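Just the one chain here, laid out as structure tokens, in the form predicted on its own.
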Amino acid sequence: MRALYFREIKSFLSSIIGYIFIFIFLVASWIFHWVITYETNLLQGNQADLIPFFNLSPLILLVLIPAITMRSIAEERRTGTIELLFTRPISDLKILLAKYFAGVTLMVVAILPTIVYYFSMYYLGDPVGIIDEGATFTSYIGLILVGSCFVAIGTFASSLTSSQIVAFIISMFLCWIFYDGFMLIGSYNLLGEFDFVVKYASLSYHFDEIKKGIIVTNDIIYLISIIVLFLTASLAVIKTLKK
């Protein structure tokens, strides 16, 4: 598994895909949070916090992560190299986890440089250090978990088809549905008492709770459950490919 994991990391970094992912995320984040005059601008807020960053970042990742996960299994299916993977002395689960953790690693690498935002707001605050460190820390944990959910969804979408474009479209649609779609549907009050259940299924609902600075076990369990759900579905699809 370790060898396959490093092979996946190397494939990201030996091609332009990984660098483009990191570059676009950081540049888009920089433009929205430091350059343009908009509600996402960190310098124009009334408080020294990173709430605009944590509100926007999942939406950026929602588009970018499907772009890096679309090839994880779809490309193996298209080129036929997935058959070679099946002949290796490694279980289907380890093959899947190697690809999944490689995607998560790239996502974390893209997020890490934004810690500069924290130090910037820390020293720009009046007084210095007024930023809520606890809420910032939990928000980073929440953002990484949400991004990890997107990687799991993208991996599942990639397992469904040999077309990277189709995998990208399915992945982005599912990421949107699970992040914001359920919350949007629940806000229309179409299901009465069940509207809360629909909202509860939204990743953004749990991320909003985590951004308050308090990590509740239910929120963490739900986010991890989404990861497990889509990885299990991906594993089921992979096993059907061997038949």
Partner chain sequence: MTKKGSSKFTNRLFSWAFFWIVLLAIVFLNIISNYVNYRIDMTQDGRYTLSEDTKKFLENPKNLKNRLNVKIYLDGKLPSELRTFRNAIEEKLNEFREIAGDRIEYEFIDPNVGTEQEQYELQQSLVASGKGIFQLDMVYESEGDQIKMEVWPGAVFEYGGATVGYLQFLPGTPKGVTYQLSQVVESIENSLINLEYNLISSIRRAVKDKKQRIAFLQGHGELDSDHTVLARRSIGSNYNVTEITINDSIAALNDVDGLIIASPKTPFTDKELYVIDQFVMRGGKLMCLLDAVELNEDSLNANGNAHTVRLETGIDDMLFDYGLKLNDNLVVDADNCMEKVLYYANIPSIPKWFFYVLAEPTLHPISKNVERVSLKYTSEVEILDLPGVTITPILTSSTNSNVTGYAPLVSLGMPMNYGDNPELVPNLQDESNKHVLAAIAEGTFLSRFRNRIIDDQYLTAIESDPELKRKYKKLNSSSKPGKIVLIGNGRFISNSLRVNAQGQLFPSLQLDEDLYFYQGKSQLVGNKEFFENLVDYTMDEGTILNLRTRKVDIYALDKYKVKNEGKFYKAINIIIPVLLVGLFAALMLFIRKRKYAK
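What you are looking at is a predicted structure, and each value in this text was computed from that prediction instead of being measured. Numbering follows the first chain given and starts at 1.
Below, we refer to the form predicted in complex with its partner chain, which is not included among the displayed structures.
With the partner omitted here, the residue from I130, L97, V166, L85 that has a non-hydrogen atom within 4.5 angstroms of its partner chain in the predicted complex is I130. Only one of 112-120, 146-154, 166-174, 77-85 lies within 4.5 Å of its partner chain in the predicted complex by heavy atoms, and it is 112-120. In the predicted complex, its partner chain sits within 4.5 Å of a heavy atom of V228. The closest non-hydrogen atom of V63 lies beyond 4.5 Å of its partner chain in the predicted complex.
Proximity of L124 to its partner chain in the predicted complex: non-hydrogen atoms within 4.5 Å are present. Contact annotation for V237: at least one heavy atom lies within 4.5 Å of its partner chain in the predicted complex. In the predicted complex, its partner chain lies within 4.5 angstroms of at least one heavy atom of each of the following residues of 194-224: D195, F196, K199, Y200, K212, G213, I214, I215, V216, T217, N218, I221, Y222, in sequence order.
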